[in-house]
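Form predicted alone, single chain, as structure tokens, below.
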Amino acid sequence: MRILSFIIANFTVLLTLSANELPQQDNKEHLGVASCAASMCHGSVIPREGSDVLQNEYIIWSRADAHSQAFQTLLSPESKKIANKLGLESATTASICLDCHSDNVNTDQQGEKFQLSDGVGCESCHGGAEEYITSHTHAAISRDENIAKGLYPTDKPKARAQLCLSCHLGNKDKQASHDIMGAGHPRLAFELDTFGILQPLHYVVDEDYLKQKWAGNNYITWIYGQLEASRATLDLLEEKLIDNSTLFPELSLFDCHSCHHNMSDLKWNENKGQGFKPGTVRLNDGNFKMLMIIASSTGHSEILHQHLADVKSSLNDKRKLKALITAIFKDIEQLEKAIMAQSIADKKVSAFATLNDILSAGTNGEFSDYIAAEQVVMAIDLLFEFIAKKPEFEEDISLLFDLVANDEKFNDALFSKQLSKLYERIRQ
């Protein structure tokens, strides 16, 4: 079961992201997981009473969080095969692997207790502890002061989205490219709210937490995840398509299933073609489709829809594509401002309208490609949670998850049919 997020009255608190460097580029000394693991710090076996934090965060991370095993994954036979195919001496020493499977900071930033083998540890997400290691436990020192010292604001959804997406989608510094996936790396999928809930929480949203940090809900976390995923995709399009001078563009930016299917499996149809003729390699635009759905509930969809449609027809015109990317960045900025200006009551109305828009579009077959369908199911799940109707539709949601469990067995007709049934049910 998913955990209901806390909805707070003051929704505007600390939503905007100041100019924080991602932890890997923060130029602070990273002291290592061992610096946080003492029993009186964050290494207690059980939560401690009377403390502002659980103090067993290290135990939760080391025993239950998949991030703690990120480096160990590089020792697997599969990783060794991938490294060999890429011509790497070892996955455990190659930055192309360590950038996302460890806290891969420069050697002059590695403290005495630092170990790459710790994987994605405390400072991978919370930033180099060089300056805040002593101050972050002092009640007299504010959170803003600690953030100024290098503590990364993971509570803020915009900052968290940028951090998570830097590995789970990629940025100009690192990406699971088509070369890497061609060597055997799994395709990456991500949605901020869903993936956050899948990880064991090492904090409690209590009175003390609410005094210092942002604590929102499924809906706004999902929105920020989609806004930042779209921004990150636009950055990658600019970096890998416009500034690319090689024979082929970065193919991971396109829909995998445009090419990866049996030649006898004639997948093209009008919806999947997205306005293109058969044989066209389509953009991986699952997040853009979610962006359009979000925009439709705010009245900002018309110009965004036009710009996104123009992107698809301008992939061979780098000058026009660059102008469109700039325009879409502005569209997203306006969309973000409009959403953040809504009251809590308006957000609930918008969330219900968003759910209806997703189901309506799905009924019309607009999510016939697997990657969009995957995003749709995660969105439906969290939106039902947010509007407090999930128990009524638990079985329907489970069926949708079953339909996207395996991309090779995905049936878009069955998926649209299930969305249609769900749409009829919610309208009754």
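A residue's number is simply how far along the shown sequence it sits, counting from 1. On a predicted model such as this, the values are computed, not experimentally measured, just so you know.
As for the form predicted together with a small molecule, it is not shown, yet the points below apply to it.
Against the small molecule in the model of the complex, the set A129, Y219 and A353 makes no contact: no member has a heavy atom within 4.5 Å. The contact with the small molecule in the model of the complex, taken as any heavy atom within 4.5 Å, belongs to C125 out of C125, I133, A327, L116.
For the options I96, I339, L236, L308, the residue carrying a heavy atom within 4.5 angstroms of the small molecule in the model of the complex is I96.
Contact with the small molecule in the model of the complex, defined as any heavy atom within 4.5 Å, is confined among 291-299, 154-162, 354-362, 225-233 to 154-162. Interface membership of G286, defined by any non-hydrogen atom within 4.5 Å of the small molecule in the model of the complex, is ruled out. When the small molecule is considered in the model of the complex, R319 lies well away from it, no heavy atom lying within 4.5 Å.
At the 4.5 Å threshold, heavy atoms of G87 stay clear of the small molecule in the model of the complex, well away from it. Interface residue remark: D243 is not counted as part of the site for the small molecule in the model of the complex, having no heavy atom within 4.5 Å.
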